[in-house]
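Only one chain is included here, represented as C-alpha cells and corresponding to the form predicted on its own.
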Amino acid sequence: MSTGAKKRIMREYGECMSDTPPGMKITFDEQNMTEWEILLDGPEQSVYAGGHFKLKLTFPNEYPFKPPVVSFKTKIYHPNVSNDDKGSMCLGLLRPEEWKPPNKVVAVLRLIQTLLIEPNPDDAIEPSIANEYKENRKEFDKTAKDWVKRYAK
C-alpha cells in the first residue's frame, strides 16, 4: 500500500472520529490500519433496534481508487446482506463501477445505517428475503427481530 493511501486512511479515520455517526464505534489495530472494526447499534427506528452488530471494513491496496469492502460479522436478516459466514453487503456506493476516489468512509457508514432503517429490496443480495420484505413485511419484521435477539445481543 502506498504512503498516500495510508495517509488518506488516517485522514479518513480522523474524520470518522470527529463526525462518527451516532450508535457507531470504530477501532483498528495500529499494526494493520487497513482493517477497521465497526460496532454498530441497530437504529432505534428500525427492526434492528436493541441489536449490536460487528462489521469489518477492509481497505484494498489500491484505495482510494478501489472501494473498501464492508462485511457484517454478526448475522443479520436483511435483503442487502448475504446470509452466510461472509456477511457481504450489497451497497451501490461500494461497487467498483460506482466508487469514486473522493468518496468518504463516513458516507459509507451513514449509508449502512440508512440501509438498516430502510432496506433496498430492489438491489438485494438475498432475493428470498427481499421478496418477503416486499410481500410479507410483518413476517420479515418478526424474523429480523428474532435474529437480533438470537445473534446481535
Partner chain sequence: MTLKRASDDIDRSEPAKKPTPDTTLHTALPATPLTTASANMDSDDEFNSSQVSDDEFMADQDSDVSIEDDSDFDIDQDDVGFESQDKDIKPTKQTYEVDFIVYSPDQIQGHQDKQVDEVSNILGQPPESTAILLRHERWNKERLIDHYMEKQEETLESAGLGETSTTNPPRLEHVKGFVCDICCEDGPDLDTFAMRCGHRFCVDCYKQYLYTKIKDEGEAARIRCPGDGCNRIVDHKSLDLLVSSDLQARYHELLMRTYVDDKENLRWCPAPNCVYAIQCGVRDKDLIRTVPTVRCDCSHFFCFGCSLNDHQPAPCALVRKWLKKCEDDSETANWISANTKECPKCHSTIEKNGGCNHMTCRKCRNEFCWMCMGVWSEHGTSWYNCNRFEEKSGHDARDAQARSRQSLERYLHYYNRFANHEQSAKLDKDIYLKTEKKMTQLQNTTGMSWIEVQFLDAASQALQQCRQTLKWTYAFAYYLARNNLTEIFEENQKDLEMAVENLSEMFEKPIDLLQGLKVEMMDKTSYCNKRRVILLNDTADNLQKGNWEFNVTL
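In this text, all values refer to a predicted model and were calculated from it rather than measured experimentally. Positions refer to the first chain, counted from 1.
FYI, the form predicted in complex with the partner chain isn't displayed, but the following is about it.
Original post:
Does the 4.5 Å heavy atom contact test between Pro96 and the partner chain in the predicted complex come out positive?
Top reply: Yes - in the predicted complex, heavy atoms of Pro96 and the partner chain come within 4.5 Å of each other.
Original post:
Might Glu62 be said to contact the partner chain in the predicted complex, defining contact as any heavy atom within 4.5 Å?
Top reply: Taking the distances in the predicted complex, the answer for Glu62 is yes, it comes within 4.5 Å of the partner chain.
Original post:
Heavy atom to heavy atom, is Lys54 within 4.5 Å of the partner chain in the predicted complex?
Top reply: No, Lys54 sits far enough from the partner chain in the predicted complex that none of its heavy atoms falls within 4.5 Å.
Subject >> Pro127: touches the partner chain in the predicted complex, heavy atom cutoff 4.5 angstroms >> reply: No, no contact at 4.5 Å.
Original post:
Which among 116-124, 97-105, 32-40, 80-88 is in contact with the partner chain in the predicted complex, heavy atoms within 4.5 angstroms?
Top reply: The contacting stretch here is 97-105.
Original post:
Hey, which residues along 1-33 are within 4.5 angstroms of the partner chain in the predicted complex, non-hydrogen atoms only?
Top reply: The stretch touches the partner through Lys7, Arg8, Arg11.
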